[in-house]
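Only one chain is given next, in structure tokens, and it is the form predicted alone.
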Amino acid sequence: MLDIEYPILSAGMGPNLLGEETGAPVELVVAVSEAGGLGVLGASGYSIDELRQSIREIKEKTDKPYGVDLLLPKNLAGADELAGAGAADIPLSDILKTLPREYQDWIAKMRDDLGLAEVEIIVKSDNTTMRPKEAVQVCLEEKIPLFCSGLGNPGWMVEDAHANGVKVLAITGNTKNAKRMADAGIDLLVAQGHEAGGHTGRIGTMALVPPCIDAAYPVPVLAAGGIADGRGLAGALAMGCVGVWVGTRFLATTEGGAPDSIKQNIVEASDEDTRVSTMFTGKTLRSIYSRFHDAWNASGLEPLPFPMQIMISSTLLRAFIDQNIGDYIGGFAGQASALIHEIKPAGEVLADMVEQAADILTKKLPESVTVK
């Protein structure tokens, strides 16, 4: 279907809503696709123009298939205000002043307690998450091979996508949405388990994948969550998946867009060092544990709706990073971090994954079967 050699897709880990690169830049997309998998551009924080430029840059660097991942949330808090700003650049400090007083007071307290300098960040009112229909149109005009909806149901754009020769992938964390998305006409479904980094659901991968395969049939399913090597790939294929969607392992690569400190956090993390919290985006999201989790939990505040919660977390995270307050910086990552022990090129990661899975499927599994 995708005209790729190996059934491995890199997850579309994009820059945050403020445009700060944290995941899957062009270099990672190209590296994965050139190695025989399919690299996916995480474009959730790009401006509309940056999205088009990045797609064209990928085309210049590889003739292999690739994908683009956008967030298509059902509801967007603050969308009207940002869209009506009349300019592409909005100071984050102006947005923070519109938040309820208790949130402003907590930000001020965090700054006082930790000696944080106020940082100015510019929010793009024309970013792809706040203008999803325009972003989707760019993808269709550029005739990308695969459109991926990292959040939300892309059913509304499937017909137009197919008319432009674009395949559509959606991600689910439960069987109800698996059926709903399959009925919408998508081409591929990712069943992403609770183990996954970034936005994630409540059901573990092993319990989620088989019923999603049944619910989505005949739409083919890829597995995600806790997969970082060939054993995970072999297991996904054994369950009936057509491939895997891999995030954390490709984030911790030479080409991965995360800062080096966050990559190192992944390498050093154990299987118990991640937490699921709403403090980053207002939606459940898994990341490496840091003292930021404790501070948010102690605040007693409820998360603001997506994406306004991002405004709170971003202003503090930027200060933590700028002032190198390491114990408050975790980074988005899944429980598969415990399987990752070094940072190396994405092409090597993919090749190792393929080799290990092939060895398991062609040698180790047959040798373990006793025929009576």
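The first residue of the shown sequence is 1; numbering continues from there. The shown structure was predicted, so the numbers you read here are calculated from the model rather than taken from an experiment.
This protein has a second form, the form predicted together with a small molecule, left out of what is shown; the following refers to that one.
Among D273, E195, D187, D126, the residue placing a heavy atom within 4.5 Å of the small molecule in the model of the complex is E195. With the partner omitted here, the residue from G226, G256, G243, P154 that has a non-hydrogen atom within 4.5 angstroms of the small molecule in the model of the complex is G226. For the chain shown alone, Y66 is not a contact residue for the small molecule in the model of the complex, no non-hydrogen atom being within 4.5 angstroms. Looking at M13, you'd find a heavy atom of it within 4.5 angstroms of the small molecule in the model of the complex. In the model of the complex, the small molecule sits within 4.5 Å of a heavy atom of F332. For the chain shown alone, L317 is not a contact residue for the small molecule in the model of the complex, no non-hydrogen atom being within 4.5 angstroms.
Here the chain stands by itself, but in the model of the complex one stretch of 68-76, 230-238, 130-138, 97-105, 68-76, has heavy atoms within 4.5 Å of the small molecule.
Taken together, S44, L251 and A336 are fully in contact with the small molecule in the model of the complex: each brings a heavy atom within 4.5 Å.
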